[in-house]
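Presented as structure tokens, the chain that follows is alone, the form predicted on its own.
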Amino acid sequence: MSHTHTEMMTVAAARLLTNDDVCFVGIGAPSAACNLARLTHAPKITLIYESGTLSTRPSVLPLSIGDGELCDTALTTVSVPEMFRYWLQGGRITIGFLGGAQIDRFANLNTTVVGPYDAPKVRLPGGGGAPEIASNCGQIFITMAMGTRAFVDSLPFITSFGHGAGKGDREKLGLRTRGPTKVITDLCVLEPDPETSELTVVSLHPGVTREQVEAGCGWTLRFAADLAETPAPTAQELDVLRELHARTRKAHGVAA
């Protein structure tokens, strides 16, 4: 069954989640991946959105964290201060899903500016809750499409801390969580190297070559010695994902 690069990225991210996870969900690709997991192999997963909705089970993908679908289908809704202080900073969330405008080789994320901070070429939406998520969730999964504008050699601004300049930098700042452990892209999956924390390609998606991945990155990528191939999406995974997107388009009045 044929699939797109974006569908492969979503499926690969969803497979990382389990019934035991308490997951802080971002809007967009993270939300699609988390809800795909909930609708397939991880029906008992606890999904939490930044607006304070706990154990939400949306039938369509939300447009924003303030989408009524999240509150309507949640077990309960708490205040944002309680969400961050008790749930996030209290160490009760196992997985945080993040994306970004730019990422570097140590999985630091930029969602603030492109170019000099005082005179940027582009001013981005900013951090929101992402810096706290990156610091306090047990581990972080990042979903981003590859491209040299996104995967850059040096960030103009670090919004969400990954592994700093290398192994040990999180510990120097007093961070006790693991930080980014997976970066799932439309072409491959990367993990921080155990010795250096530099992102290393561990799996290529079906039909993708090393050369394609290298062309989409702004630094010289490292590849694992035992480089794997990501299993292709199953018919069930694609059917559920496509039905979810179809319901979402219909609910939001978007033509199929």
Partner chain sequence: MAEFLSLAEGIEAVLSDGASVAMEGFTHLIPHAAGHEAIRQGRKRLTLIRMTPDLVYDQMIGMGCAERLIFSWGGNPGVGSLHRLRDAVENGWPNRLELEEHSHAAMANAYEAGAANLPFAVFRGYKGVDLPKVNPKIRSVTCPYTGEVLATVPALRPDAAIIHALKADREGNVLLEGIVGVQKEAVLAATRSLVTVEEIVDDFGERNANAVILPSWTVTAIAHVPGGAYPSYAHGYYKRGNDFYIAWDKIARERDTFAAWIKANVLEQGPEAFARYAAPARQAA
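Positions refer to the first chain, counted from 1. Source: prediction; values computed, not measured.
A second form of this protein, the form predicted in complex with its partner chain, is not displayed here; the remarks below concern that form.
Q: Can you pick the stretch from 180-188, 145-153, 96-104, 131-139 whose heavy atoms fall within 4.5 Å of its partner chain in the model of the complex?
A: Only one stretch passes the 4.5 Å heavy-atom test: 131-139.
Q: Within 4.5 Å of its partner chain in the model of the complex - does that hold for a heavy atom of every one of Gly68, Leu75 and Ser160?
A: Yes: each residue has a heavy atom within 4.5 Å of the partner.
Q: Is Ser31 close enough to touch its partner chain in the model of the complex, meaning at least one heavy atom pair within 4.5 Å?
A: No.
Q: With the partner left out here, check for me: in the model of the complex, does some heavy atom of Leu227 sit within 4.5 Å of its partner chain?
A: No, Leu227 stays farther than 4.5 Å from its partner chain in the model of the complex.
Q: Even though the partner isn't displayed, in the model of the complex is Thr209 close enough to its partner chain, meaning a heavy atom within 4.5 Å?
A: Flag for Thr209 set to no.
Q: My question is simply whether Pro120 lines the interface with its partner chain in the model of the complex - judged by any non-hydrogen atom within 4.5 Å.
A: Yes, contact at 4.5 Å.
Q: Of 46-69, which residues get within 4.5 Å of its partner chain in the model of the complex if you count heavy atoms?
A: Heavy-atom contacts within 4.5 Å come from Thr46, Ile48, Glu50, Ser51, Thr53, Leu54, Ser55, Arg57, Leu63, Ser64, Ile65, Gly66, Asp67, Gly68.
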